[in-house]
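Only one chain is shown below, in structure tokens, and it's the form predicted on its own.
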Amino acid sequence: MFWQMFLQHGKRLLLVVLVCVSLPLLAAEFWELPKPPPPDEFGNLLINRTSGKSAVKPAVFSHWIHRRKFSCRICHSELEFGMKVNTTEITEAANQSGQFCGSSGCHDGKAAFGHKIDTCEKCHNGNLSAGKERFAELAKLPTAGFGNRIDWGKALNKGLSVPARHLTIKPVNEMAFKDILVLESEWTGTPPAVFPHRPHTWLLDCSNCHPDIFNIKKKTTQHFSMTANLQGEFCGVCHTTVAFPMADCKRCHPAMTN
């Protein structure tokens, strides 16, 4: 009788264990993850909010070309580019007057090519693969399995990539928030996600995330979910198009077995 009860409950326990272990392994199959672009196109964006109105090809912006030399906060704080593509009203007149891409230290004709007729197609070509011949320049950086296939965090920690933190407006270092958040998963059997502030505050300003992406006063975490992330909200603002993608589960859920 004892062994019958043991075997009966033992089978149930084994089934529960197998289900809990297999859930993280099935995560990528359960969620409808975006089809990944080629590594040399991941992070490349088409900027066409105003160009289409002027019958001009969209401008192509490659994050991997720029992030080696510049931190995210330079573009998204100092130069006032919105965190989401095509949310900033960028015009050629503004660029030529020294705003946005034309800011001093950027494409001002000195630090990098300027805004002239003979350089238009360097940006306005509508080709997401433009510049891929330069991708080989990243060959010495630590590798990863997703996105650009570059582990940018490890490259930063090892000093292999040392992007500038500012052009003219220095970040407020004493405001750096170093807390590590542990976010319980909504999916049974999936270990918690871990969010370290320090890597993000080094590259970004607090205002890049708060309050527009994460409104800490309104407790937007009640709407925080994997589905929302995959739809380009919350962490998905960056981690679907620029930073390592959601398919790289263990980067956020380090306790996952696979």
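Start at 1 and count along the sequence shown; that's the residue number. In this text, all values refer to a predicted model and were calculated from it rather than measured experimentally.
Just so you know, the form predicted together with a small molecule exists too; it's not on screen, but the next bit is about it.
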{"property": "In the model of the complex, the residue from 166, 149, 115, 132 that sits within 4.5 Å of the small molecule by heavy atoms", "result": "115"}
{"property": "Close approach of residue 138 to the small molecule in the model of the complex, 4.5 Å, heavy atom", "result": "no"}
{"property": "The small molecule contact in the model of the complex: residue 54, any heavy atom under 4.5 Å", "result": "yes"}
{"property": "Heavy atom of residue 34 within 4.5 Å of the small molecule in the model of the complex", "result": "no"}
{"property": "Any non-hydrogen atom of residue 192 within 4.5 angstroms of the small molecule in the model of the complex", "result": "yes"}
